[in-house]
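Just one chain follows, in the form predicted alone, and it is written as structure tokens.
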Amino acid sequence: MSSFQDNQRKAATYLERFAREGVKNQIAGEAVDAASGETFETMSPIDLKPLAKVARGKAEDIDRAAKAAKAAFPAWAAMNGDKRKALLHKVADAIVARAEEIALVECMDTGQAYRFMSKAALRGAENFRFFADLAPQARDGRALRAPDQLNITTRTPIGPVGIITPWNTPFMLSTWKIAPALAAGCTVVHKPAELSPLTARLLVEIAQEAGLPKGVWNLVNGLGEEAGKALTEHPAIKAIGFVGESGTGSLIMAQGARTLKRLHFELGGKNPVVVFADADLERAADAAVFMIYSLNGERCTSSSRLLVEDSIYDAFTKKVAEKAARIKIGHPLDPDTVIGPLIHPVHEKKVLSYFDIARAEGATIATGGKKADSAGGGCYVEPTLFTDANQSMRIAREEIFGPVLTAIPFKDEAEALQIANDVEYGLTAYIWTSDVTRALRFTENVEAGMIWVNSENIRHLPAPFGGVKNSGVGRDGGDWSFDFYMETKNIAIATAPHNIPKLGG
């Protein structure tokens, strides 16, 4: 792995281009400024210094991009699946070739640690390869036989789609949404989060250079209330795939209602990791620590509630606190850093506010609980564990979205299930037990779209990804992605004469 100094030197070289050129939109194959000429500034959470001026797209820019996507759609949708497969593999190859650049830029733009971002580009390439290989069969359907009738189903791409991606791990999450859309035969208008727009620019540039036809993939930067709203309301956009906060998902649903858009939401979570006394406690502690303190705790699938059987609660939470206290906080380009700065001062202020809330509610701060010192004055927060908590507390119910874990004891399986389900979210759950029948009972009744037993979050790309309740609508992954980006069509063919009712004759 590169040294801290090497990473700093290379990152400065990559970022110099953005400082000089700014971050433009990409519409119909051309890099363009916003129609208004307006820009906004993106800054690094490491030291709060500006990185680049970004085109501030608005309704006029979204309209141009949507029209470009609509114009490019017929040819892209009609392209042979094998040709789309080959093109998407070229995109994946180009991502791998620029993986270091992507990782270093993303670290500086988001504050995420290099030890995690160094793999993000490779995961993005893997997403493209996986869906590229499915492109030739995306339109395949089924043969359904009935008496004297044969039904044949097929799928067709829905049309131009809008993709709105978040500020946490934006590169990987953009590929997770865009790759299946392109493989299905859809064209794309991408609106990245305004807080971390840099790698979205790299990604569309990579796709263009790999040979993607003009207009198939368009990028419009801007604010959610301007560019995002225009995208969700545009009549040429047939579907919106969104990853982000649950409240924003609700707004998008309302904005898309007039044009009857199809919607897919991957939203927030307050996910439980449930540890029974018979579990492998060392592995469970490592998994719990990893799932809340990696990626700065800024991940929708983080295990932000730790539910522990009361007979082991004190010993287990002590173990977690000791591990958390040893986690290295530092500059994200340092390969030894685990926790870097949070994305923005506004978000940092929100996370820090929960420390006062915890004290007021009567919880104990077992470790952390304050802003971390940093040389550059960035948005650093200590990895934190709240103990002596209960499910009525705000720290147990609200999504904090930082390196903050709330530990709650339970007396038996029934109470663990009740606590696990007693939130408005239902994205993931993590169950630790050596009792297989308990695992089956618990997973059957816990309200979550994805559940891992005796494991941290390990993704299998063909498996469905998504949540229930306020955590989302729909599923990504494998064929589930094509169900969203494609329309299913049924053709019924009579295979023998049948009685047709006669009216008026």
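Numbers for residues come from their place in the sequence shown, where the first is 1. Please read these numbers as outputs of a predicted model, since none were measured by experiment.
Separately, the form predicted together with a small molecule exists; it is not shown, and the next lines address it.
Although the partner is absent from this view, Phe442 stays clear of the small molecule in the predicted complex, with no non-hydrogen atom inside 4.5 angstroms.
Put simply, Thr248 is close to the small molecule in the predicted complex: some heavy atom of it is within 4.5 Å. For the chain shown alone, Leu223 is a contact residue for the small molecule in the predicted complex, at least one non-hydrogen atom being within 4.5 angstroms. Under a 4.5 angstroms non-hydrogen atom cutoff, the small molecule in the predicted complex has Gln255 among its neighbouring residues. At a distance of at most 4.5 angstroms from the small molecule in the predicted complex, all three residues Thr232, Gly244 and Glu399 contribute at least one non-hydrogen atom.
Residue heavy atoms within 4.5 Å of the small molecule in the predicted complex occur in exactly one stretch of 198 to 206, 102 to 110, 158 to 166, 123 to 131, and that stretch is 158 to 166. Only one of the listed residues (Pro409, Gly368, Gly185, Gly268) places a non-hydrogen atom within 4.5 angstroms of the small molecule in the predicted complex, and that residue is Gly268. Contact annotation: of the candidates Ala429, Leu295, Ala284, Ala193, the single residue with a non-hydrogen atom within 4.5 angstroms of the small molecule in the predicted complex is Ala193.
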